[in-house]
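In C-alpha cells, one chain follows: the form predicted alone.
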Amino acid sequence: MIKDFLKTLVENRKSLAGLIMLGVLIFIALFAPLLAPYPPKADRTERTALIEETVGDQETLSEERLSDDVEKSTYVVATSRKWEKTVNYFPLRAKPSSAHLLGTNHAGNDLLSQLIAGTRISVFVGLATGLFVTLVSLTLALLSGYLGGVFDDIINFFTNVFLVIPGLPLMIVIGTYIPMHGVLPIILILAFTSWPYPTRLLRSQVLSLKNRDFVMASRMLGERTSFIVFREILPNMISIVMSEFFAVSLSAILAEATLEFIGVGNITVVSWGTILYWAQANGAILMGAWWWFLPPGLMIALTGTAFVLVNFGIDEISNPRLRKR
C-alpha cells in the first residue's frame, strides 16, 4: 500500500514537481548556515591583521661573567605583538548590489541571509506542527471512531467546542499571554488550535472503514484490536492522512507568518514572518523597497504551491475516479 502510494506520487507530474520544490526548501533549511553569505543578524564584517611581531631572544651568561656563588642561568627577552582590527559596517536600507543581492534592512542585516535562515524556521514550524497535529488527530479519530462509547462522547464534545471558536483570534489571545522564547511555543499554539478539523475528518473515515467487509471479517475471526487498527484500517487511510498533514503544515506556515507579522510571536527569531514584520514596521512598502517584503512573500507562496501540487497526487490515490487505468 505504501509502495503504491509513493509510486503514484512520483508518476503524477504535478505531485512530482511539488515534491521537488519541497525537497529544495528542505535542503535550504538543512544547510542554511552554509548557503547564507553572512550570519542572519550580522551587521558588519571584521578583518584582523598582524602589523608587528617581535620574536623573543635568548642569551646564556658565560662562566667568566658569573661569580663562584652564582650558577649558570638563562634569560629570555619577552615577545611583543601588536594587532589591528578593521570593522566594516553594512549600509542601512541598501538596495540590491553585488555585495548584498537582496539589499539590507534597517539594522544593516543582509536580507538574503535572513531569507535563507528564515526558511529553516518557517519550514520547521510547518512540518513539525503538521506532524504533531496529524499524530494527535489520528489517535483521537481512531479512539473515537473505532472504540466509540465514552471515548467518542468526550472527544466529540471537545472537538465541537474548538470547532466553533475562531482559530486566528484564539491564537492571538494565547500568543499574547504566553511568553515567546524560541519556536516551541508557536508550534504548541498552532497545534492547540489546529487539531479539531482533522480529527473530525479522520473520524468520519474511520467510521466508514469500520463497517467494511474486510474489517468485519477480521473481527469475526477474533483478531486483536491493534491488528485490526494497524493492519486493516490505518493502511487504507494513508492518502487522507497525508493530505491532512500537508494541509495542516501549510496552514501552520501561514499562521506562523501571520503571528510574527502582527507582532504576537517572537520577533527576535529570524523567519519569513519576522522579515515581513520589520519591513512593515519600517515603512518598506512606502519606500518602495520591494527587495525587503516581496521575497519572503514569494517564499510563502512557493511553499503553498508545493503542498498543493503534492495534494494533486494524493487526490489521485484517494479518489478512484482520478486514477489512471
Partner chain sequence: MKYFARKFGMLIFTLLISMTINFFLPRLMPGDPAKALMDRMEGVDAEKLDSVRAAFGLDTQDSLPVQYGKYLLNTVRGDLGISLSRFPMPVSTVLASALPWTIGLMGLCTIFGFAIGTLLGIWAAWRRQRKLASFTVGFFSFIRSFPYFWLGLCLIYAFAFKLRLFPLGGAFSIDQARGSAGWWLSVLRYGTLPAFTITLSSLGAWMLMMRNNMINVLAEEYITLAVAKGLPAKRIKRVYAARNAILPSVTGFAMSFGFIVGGGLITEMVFAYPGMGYMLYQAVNAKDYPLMQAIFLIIAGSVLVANFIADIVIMFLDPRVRDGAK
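Positions refer to the first chain, counted from 1. Since the model is a prediction, treat every value here as computed from it, not as a measurement.
Same protein, other form: the form predicted in complex with the partner chain, not shown, and the subject of what follows.
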> For the chain seen here without its partner, which of 89-97, 112-120, 152-160, 201-209 has a heavy atom within 4.5 Å of the partner chain in the predicted complex?
Replying inline: 152-160
>> Looking at L188, I174, L131, A107 here, can you tell me which has any non-hydrogen atom within 4.5 angstroms of the partner chain in the predicted complex?
In response: I174
> Which residue, I178, L184, L101, L147, has a heavy atom that falls within 4.5 Å of the partner chain in the predicted complex?
Replying inline: I178
>> When the contact criterion is heavy atoms within 4.5 Å, does G222 count as touching the partner chain in the predicted complex?
In response: no
>> Given that the partner chain is not shown alongside this chain, does F261 nevertheless sit within 4.5 Å of it in the predicted complex, heavy atom to heavy atom?
In response: yes
> With the partner left out of view, is V10 within 4.5 angstroms of the partner chain in the predicted complex by any non-hydrogen atom?
Replying inline: no
> Can any non-hydrogen atom of I285 be found within 4.5 angstroms of the partner chain in the predicted complex?
Replying inline: yes
> Quick one: in the predicted complex, does every one of A257, I300 and F312 get a heavy atom within 4.5 Å of the partner chain?
Replying inline: yes
> Who in 267-285 is close to the partner chain in the predicted complex, meaning a heavy atom within 4.5 Å?
Replying inline: L276, Q280, I285
